[in-house]
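The data below hold one chain only, encoded as structure tokens and taken in the form predicted alone.
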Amino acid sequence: MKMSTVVRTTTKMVSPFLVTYAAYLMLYGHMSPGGGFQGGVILAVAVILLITSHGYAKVRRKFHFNWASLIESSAGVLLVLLGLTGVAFGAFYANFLPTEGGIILPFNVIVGLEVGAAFTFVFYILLRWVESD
């Protein structure tokens, strides 16, 4: 289903700001309210808005189903590796980085990618299920 020109144009204008805001929440979540989960949800909303307004077939050509799956799987592996690296420094998810916030910054970014990809992945699966009916 294709939306009107106004909806499609507005979505194209809003989506880059949503992605930027999602990146801000992921990168500054350790110093201000926000974090990886919130950033990931907003990142997924940007993609879902594009899918809803432009149609599944058009967005699927540029943002493949497998990419969401690959990003989601890679982020899960990175989360496990981050936790296991902490074990080498004394505890699971031990803070081994000498920077402000320590491992919270990479943790937030990885969680944001995981959540964003997972929500997009679930939306793709639901769309496939709806299309098959």
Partner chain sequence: MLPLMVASPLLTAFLIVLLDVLHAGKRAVQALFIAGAILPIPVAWLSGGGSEIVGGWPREAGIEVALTEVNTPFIVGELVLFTFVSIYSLQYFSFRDKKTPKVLALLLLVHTGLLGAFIARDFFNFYIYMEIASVSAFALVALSKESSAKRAAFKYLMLSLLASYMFIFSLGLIYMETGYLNAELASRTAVPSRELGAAIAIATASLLLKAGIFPLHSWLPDAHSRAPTPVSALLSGAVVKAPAYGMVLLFSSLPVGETLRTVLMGTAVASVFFGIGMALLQRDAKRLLAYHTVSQMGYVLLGIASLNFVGAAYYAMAHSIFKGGLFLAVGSISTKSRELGEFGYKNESVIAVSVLMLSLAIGGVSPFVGAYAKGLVSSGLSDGWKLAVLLGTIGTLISFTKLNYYLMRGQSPSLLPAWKLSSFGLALAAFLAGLLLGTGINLKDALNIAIAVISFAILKRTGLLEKRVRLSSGDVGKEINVLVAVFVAAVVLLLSLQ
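Numbering follows the first chain given and starts at 1. Computed from a prediction, not measured in an experiment: that's the story for all the values here.
Only in words, not in the display: the form predicted together with its partner chain, which the text now covers.
The closest heavy atom approach of Tyr56 to its partner chain in the model of the complex falls outside 4.5 Å. Contact annotation: Ser32 falls outside 4.5 Å of its partner chain in the model of the complex, judged by heavy atom distances. The closest heavy atom approach of Thr52 to its partner chain in the model of the complex falls outside 4.5 Å. Looking at Val80, you'd find a heavy atom of it within 4.5 angstroms of its partner chain in the model of the complex. Candidate site formed by Thr99, Ala118 and Val122: none of these residues places a non-hydrogen atom within 4.5 angstroms of its partner chain in the model of the complex. Per the 4.5 Å heavy atom criterion, its partner chain in the model of the complex is contacted by stretch 83-91, the sole one of 56-64, 40-48, 22-30, 83-91. For the stretch 63-82, the set of residues having any non-hydrogen atom within 4.5 angstroms of its partner chain in the model of the complex comprises Asn66, Ser69, Leu70, Ser73, Ser74, Gly76, Val77, Val80, Leu81, in sequence order.
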